[in-house]
Every structure is written in C-alpha cells, then in structure tokens.
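Only one chain is included here, represented as structure tokens and corresponding to the form predicted on its own.
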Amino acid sequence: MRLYEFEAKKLFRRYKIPVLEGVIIDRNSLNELEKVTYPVVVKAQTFLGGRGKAGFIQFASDKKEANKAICSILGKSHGPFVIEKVLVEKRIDIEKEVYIAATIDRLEHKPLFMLSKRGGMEIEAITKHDPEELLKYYFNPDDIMPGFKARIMAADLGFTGNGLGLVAGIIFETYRLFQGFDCKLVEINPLALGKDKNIYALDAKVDLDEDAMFRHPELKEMGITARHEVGELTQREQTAKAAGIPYVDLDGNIGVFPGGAGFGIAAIDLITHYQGKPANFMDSGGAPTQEKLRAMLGLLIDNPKVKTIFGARFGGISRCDDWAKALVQYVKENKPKKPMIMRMAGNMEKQGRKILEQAKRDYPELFKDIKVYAVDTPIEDVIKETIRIEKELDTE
C-alpha cells in the first residue's frame, strides 16, 4: 500500500530521518500558507511518479506565487487520480543529490538496500542505461544492519567527514524503518546535501505490506489506514467495489469482460502480447447474478477510453445462457455503440446461442457489431480480431 509523500515523511520523522518542515494544503486550508517560510516548493500529493515532468512540482518565491501554483495543481488529474492535496515545503539550495532505498529482491528472497550517486533521476533509467551506477547490498531477513556497514555504504556514496556520519545514520534508520513497519519499499530520492551542509530527505516513498498493518496500530493513530493496493480507487473502481465486482482500471482502450480471475489475467497478457492495450482487469466468474453481469458491461461501456470489448465465457458454474441473457438485456436497454468480440463455450452453451441468435433476428441493428464465437475459434484469433477492430476505429 503506497503512502502519500507527507504520510511517508511522518514515518521518517518517527525515525529521525531529516525532512524539511512543510504544510499540507487543500482547497479549504489555503490559510496554511501563513505558516511557511519562502521560497517554497509546491508538490502534488499523488501515488504516481513523474510529478515534475507533469508540472505538478512548482516553485514559489512568495505567498502570491505559492497560491497561484497550488490553484493550478489542485483538481488536476495525474493518471487516474485527482490531486486533492499539495505539500508545501521550504526550498533549499542543493550541493549534492544521491539515491537510497530499501526493498525486497523477489528473485533472491532477501532484503536489498540500493544506493546511487545519481539522485533525482528515475531509478529505472539508471538501471537501464548505467546499471553499474546502482550499488546493491543484500541482507538476511532477520539481520540488523551493523553501524559500520552503514558507514561503508555512506562512504560508497562519496561522503566524508561529518557528512559521512550523517548519511550513515540516515541509511541505518531507513533500514530500521523498512524492517520495523514491514515495508515493501522505503525510498529517498533525492537524499540531498544542502549548501548549509545539512542532509535532507527531499522526497519520500513508502510502500507498506497491507497484510501486516494489523501489527502496527500506531499507523492508525497517525491517520494511515488500509486502502487500495496502489492508492486511491478510481471512480469506476469505487463503483465496482460497491457492486462487489473485482475490477481494476488500466491505461488501455480494450475492455476486458472475461470469466474468472485467472482468465482475466491471461486475457490481459494475450492482449498485450498481440500489441493491444487492455483497459481493465475484471473477474466475472463464480456465477454472478444477471444484475452484476450487466453492471460489469456497464463499467466498460461507460469508460470513454474503451473502443472495443473482448469477452469470453467458459461455462461451468457460470452458465452460458445466464451470460447470454445478461448481454442481450444490457444491449436492448442501453444500445451501446462499441463493438464486442467474444467467445462462449461450455455449460448451457447451446441454450445461450439460441438466446443470442434470437436477439440478432429481433434487433439486427443493435447486435450488428457483436460477435460471439464458439470453441472451434482459438481465443488468440478472437483477441487478434478485437485488436484489429480497435486499431481501425482509432484511425478514423
């Protein structure tokens, strides 16, 4: 569970990792600007990276500029999320920036501490173009980082004298935080040496293990409670959750209306493999009701990004005729314009096909862009056709 920057910095303060003083501001608390010392940095509070490139980190030399920057950020969308808060912090002059992070290496099954002398950059770019710039240090799961190891790591970053001791302390406490709160990631990028010779964690990323949060009641006291895996739910995700539908928004334009969760994941992989872009994950298995099936279709039809819909029903507990009834009723009531390319096979398939064939005879115009293949058509071909139609629509 990713934390906002201001929440992560609450944890940093708990471990005496130095951060700049700042205030959190939303549309109802602009008066908080009276508390800050200028010049300042105004930073959107969002779970996605790339804030600077998107214009969501701005600088201000006085209250007027700060107010203008805040108003230009609040209410804007960053990816699927609407920015509702900003963090306003004092701006400092920087002499040096480095990168530090504690995480888990899923291949080695060990905690991993990473360092780079090139802070402030996207770590993905560093590892891709200059992998030797990323220093890695492995620990056993129950290891406590020795103080001397933290000093060696600080020296590896190029710090000497008083700066070495300060950075070593931050490295040591970062790993303590990582262990102490069962984190998946604790990242400081950049960790900066100011021209005042002090060290500051200018940014903070913390990803908690939601399943371990019950062990840390102090998080609730700090206002940090369990929520969506990567942050806030989008509006469609909220609607789906209220209806009991497992659903996650993605960035593509092909709606995915599969059977169970396993095939939902496989469908996303196949669409991506054939150069398509899935718009969502969805699980419509487990014998959902007619009402729920129609709601699932509605999530896709109402998504303005979705151009075409790929669907598949492998009838088992979830019968093909129930799926066909829901599809027909939804189309009759809502008259969607988006093509649907689907495949149906399994339990009660014959009855389901009769329902669809009758609907095509009764409402040919409504069903002209809806195809439902049988088991003798490979699922790969159904997906390829869906992608082809989407690309044709995209060029119109």
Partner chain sequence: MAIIIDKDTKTIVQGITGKNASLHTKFMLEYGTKIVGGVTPGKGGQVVEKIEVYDTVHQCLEVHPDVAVSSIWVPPRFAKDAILEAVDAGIKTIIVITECIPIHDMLYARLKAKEKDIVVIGGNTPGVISPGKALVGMLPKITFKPGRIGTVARSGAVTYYLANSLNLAGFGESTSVGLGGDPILGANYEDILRLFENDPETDAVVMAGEIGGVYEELAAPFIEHMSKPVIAFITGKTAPQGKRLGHAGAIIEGNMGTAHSKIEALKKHGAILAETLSEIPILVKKALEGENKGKKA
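Small disclaimer: the values here were computed from a predicted structure and weren't measured. Positions refer to the first chain, counted from 1. Rigid core here is just the name for the largest C-alpha set that superposes within 1.5 Å across the two forms.
Absent from the display: the form predicted in complex with the partner chain. The rest refers to it.
Judged against the partner chain in the predicted complex with a 4.5 angstroms heavy atom cut-off, the residues Ala54, Phe367 and Leu393 are out of contact without exception.
When the partner chain is considered in the predicted complex, Ala242 lies well away from it, no heavy atom lying within 4.5 Å. The closest non-hydrogen atom of Met348 lies within 4.5 Å of the partner chain in the predicted complex. Proximity of Glu21 to the partner chain in the predicted complex: non-hydrogen atoms within 4.5 Å are absent; the residue sits far from the partner. With a 4.5 Å cutoff on heavy atoms, Thr160 counts as touching the partner chain in the predicted complex. Just one listed stretch, out of 46-54, 62-70, 330-338, 22-30, contacts the partner chain in the predicted complex at the 4.5 Å heavy atom level, and that stretch is 46-54.
Screening Gly75, Gly262, Pro304, Gly223 for any heavy atom within 4.5 Å of the partner chain in the predicted complex leaves a single hit, Gly262.
Contacts with the partner chain in the predicted complex, taken as any heavy atom within 4.5 Å, map within 243-278 to Gly262, Phe263, Ile265, Ala266, Ile268, Asp269, Leu270, Thr272, His273, Tyr274. Arg343: CA moves 2 Å or more between the shown form and the other one after rigid-core fitting. Tyr247 is among the residues whose C-alpha shifts by 2 Å or more between the shown form and the other one once the rigid core is aligned. With the core superposed, Lys325 shows a C-alpha displacement of at least 2 Å between the shown form and the other one. One change in the predicted complex concerns Gly260 and Arg106, whose Cα atoms lie at least 3 Å closer than in this form.
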